[in-house]
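Read the single chain below, which is given as structure tokens and is the form predicted alone.
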């Protein structure tokens, strides 16, 4: 996952454009051995999507600033964050005082290049470290951006892995976005984790659920997808997870759904309960949010939460050049992958179970009970005892897990053992 994130890190992505298409091509190459591929959809510019309109396609070819000696003091080839996202073209020589009107910096960190966009209002601009801007001498500077807007399309990827059971239990949705230029945690990490999850789900021998994977530009992409799939998702979607900022090691974070009462909330909080340094954020806390905003919006109301390591907006590297491949790590990716694999396992096993015998079963004759009784010899049996006690058809596995203070992953082998001995059945 880390290596794949590094491979797509240099691509210049935005709401639209070739960088997004190339990212999806590389994702499809990465998952080719799974036998699955993302279907790529192109939605034409000008398409009405709910209250929004698909924007024109932005094509950026070159951008730089030169001093009076013709030396480039800024070049997008060094870092594509140097250009204001969706900037219009410019070719002008201006004095330093005027140049500063077109430069964006990160005031609280003079060493980094900020990520700044102007998607829905035309302007031109550059981004640079405040330290560099403050050091520029008086003189004339040549601002040059070669970019244009055209009637093109918004690119999105969709992959559905069906359930293996004929009467499936509905759909689980994973989404991430492909619209940020070179930032590792707040862009490359989500699609990288998704490639690993596609391979993982495709390899599962049994699937109660169908799994839908979605990649698109943040906000406008989710709105565009929902505008044509809302009725289907309202009928079929049982849980959903936005994957964002999942490559660092500082924390585990969950941004709840609007009412924090969905299956998604329950399963993710249950899995994260066993981790250290876990942070839970209310819906729209801090005034922000990723695509869970669109899935929880009025008249949409889908069960979507957001999973992060350090949450977007809550780490100092966020939306700056400091969010690079040194900030994320293989260990960070591995932790996120394990969380999502546990989420998938918990969803697949989350049924209402019922014991097939009245009273406590005799476990000893089935080899499930110690033959020597002494202090401490029954401690390992506590998860089984708790499962047996609460498996009366009334409670689902997530409820039992919380009540027993035992992770679902530790109850799964107990379930399989009891089923193997004919002691446990699924309640329809």
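Positions refer to the first chain, counted from 1. Since we're looking at a predicted model, the values are computed, not measured.
This protein has a second form, the form predicted in complex with another copy of the chain, left out of what is shown; the following refers to that one.
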Using heavy atoms only and a 4.5 Å cut-off, determine which of 97, 93, 203, 357 is in contact with another copy of the chain in the predicted bound form.
357
Can you pick the one in 338, 286, 111, 134 that has a heavy atom within 4.5 Å of another copy of the chain in the predicted bound form?
286
Using a 4.5 angstroms cut-off on non-hydrogen atoms, would residue 266 count as touching another copy of the chain in the predicted bound form?
no
Heavy atom to heavy atom, is residue 139 within 4.5 Å of another copy of the chain in the predicted bound form?
no
Can you tell me whether residue 41 touches another copy of the chain? I mean in the predicted bound form, with a 4.5 angstroms heavy atom cut-off.
no
Do residue 117 and another copy of the chain come within 4.5 Å of each other in the predicted bound form, heavy atoms counted?
yes
Among 182-190, 256-264, 154-162, 71-79, which stretch sits within 4.5 Å of another copy of the chain in the predicted bound form, heavy atoms only?
256-264
Which residues in 291-306 have a heavy atom within 4.5 Å of another copy of the chain in the predicted bound form?
293, 294, 296, 297, 298, 299, 300, 301
